[in-house]
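One chain comes next, on its own, written as C-alpha cells: the form predicted alone.
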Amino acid sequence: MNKRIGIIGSGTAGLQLAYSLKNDFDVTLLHYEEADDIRREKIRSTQVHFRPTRDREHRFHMPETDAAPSIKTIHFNMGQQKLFVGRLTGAATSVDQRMAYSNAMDDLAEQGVSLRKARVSRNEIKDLAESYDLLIDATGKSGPLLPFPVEAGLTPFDAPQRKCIVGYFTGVAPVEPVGISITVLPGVGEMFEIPALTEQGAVTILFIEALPEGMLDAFKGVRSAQEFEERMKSMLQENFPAIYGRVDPDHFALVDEAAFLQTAITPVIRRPYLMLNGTLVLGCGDSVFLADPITGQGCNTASYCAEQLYESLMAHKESPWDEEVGIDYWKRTRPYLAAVTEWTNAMTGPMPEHIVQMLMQAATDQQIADKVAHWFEKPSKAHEAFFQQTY
C-alpha cells in the first residue's frame, strides 16, 4: 500500500509537490479555494520563474504556458541612470498565479489526484495528521499551521523592511530587449517592471518596494482600483520618468479590478520539520521559508525546496517516515536557504561599497553585467559576490 501524503496548500510549493509525488504515493491536496474562485480573486504576488525553476516544472510535467513573454535580460538602473543590461542563461517567465494555480489544480484533478476543499485550522491539525503518513504544510504566507522553530541565525528582522505595492498594468511598453527592469532609488526603495501573462493577455507588472514612511510609501488609504491607478501614474511621473515615457495614457490601467496588492512581509526562516503524535510534518514554501521579495526568489525557493523534499522522500521511500527524514530534508535545503536569505536581507539595506563598484563596472563590462543577471538564477553566486567578494 502506498504511503499517504496530505499537502495543505495549493500554491507554488504545494502544486509542485503534488505533481512530483503523485505517481509514487497516495496524495491528497487540501485547498480552501476552488480553481474558479482563485481566477476571480486578487493577485497573490509577483512571480518570475527563472530557468532552474522552469527546468524543475518540466521535470515533473507541470503545465507550461507558451504564450508568456520570454524574459531573457535584467535591466539595472541606479536612480535615473541606466547602468547595464545583463543576459540570463535561459528564458524566465511570469504567469499570473491566479491563472497558473487554477490551471494546475484543474490538470491535477483530471489526472486523478485527490483535491479536497478544506480550510484547515490549527486546532484541527492533530486530528488530520492521523489520516496520513506525512503532512506537508505548504500554506504560504498565511502559515505555518504548526510551531516550526524559528532559525534565529537566518531571521535578523522583527518587522517588515519594505512595503510591497504591486499592480498588473496594460498600457506600458516593455523595456527592450524584453526583460525585468530594476530601478534602485538609494535610501528610498526600488521599482521592478516584469512582463507577464494573465488570462486577459500580456501586462507589465509594476512592483514598488518602498522603505516604510519613505517617499515611495505613498499608497496608504488607497482602496479602489481607480485610486491605485491614479496613484501609480503620479508615482511614475514624479519618480520614474523613464518608465512614464513608455506609458500610453489612453490605455494605462489595471488589467482587472483585482489586479493590485499592498502588503508588508517580515522575513522569517523556520526549521521545517517536527513530529506530531507520531506523524511527520514538514513545511515547504513561504509557510517556513519567508523572505522579502526584493530578489524575486520566493517562488523559486519554494520550487527548489519542493524538489529537495521530493528527493528526501524518495530516498526514504521504503523506510519509516520519522524525524530522520526531516533532518535529511533540512540538510539538503539549508545551504541554499542561507545563501538566498542572507543575500536578500543584504539587499534590503544599503548596498556594500564593493557591490556598488561592481554594478558600476558592469556598465562597461558585459561579462560582469551577465554575472549580475545570473545571481537571480543561482543565488549562491550572489551570496559569494556579497559576502566573499568574488565575482
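Computed from a predicted structure; not experimentally measured. Numbering starts at 1 and runs along the sequence shown.
Here the subject shifts to the form predicted together with a small molecule, a form of this protein not shown in this document.
- Judged by heavy atoms within 4.5 Å of the small molecule in the predicted bound form, the contact stretch among the candidates 222 to 230, 270 to 278, 72 to 80, 294 to 302 is 294 to 302.
- Annotated contacts: 30, 97 and 164 all touch the small molecule in the predicted bound form [non-hydrogen atom within 4.5 angstroms].
- Contact check for residue 47: a heavy atom falls within 4.5 Å of the small molecule in the predicted bound form.
- Although the partner is absent here, residue 111 is not a contact residue: none of its heavy atoms lies within 4.5 angstroms of the small molecule in the predicted bound form.
- Heavy atoms of residue 185 never reach within 4.5 Å of the small molecule in the predicted bound form, leaving it off the interface.
- Taking the partner from elsewhere, residue 319 is found to have every heavy atom lying beyond 4.5 Å of the small molecule in the predicted bound form.
- Note on the partner interface in the predicted bound form: the residue among 120, 247, 218, 258 having a heavy atom within 4.5 angstroms of the small molecule is 120.
- Exactly one listed residue, out of 198, 181, 139, 312, brings a non-hydrogen atom to within 4.5 Å of the small molecule in the predicted bound form: 139.
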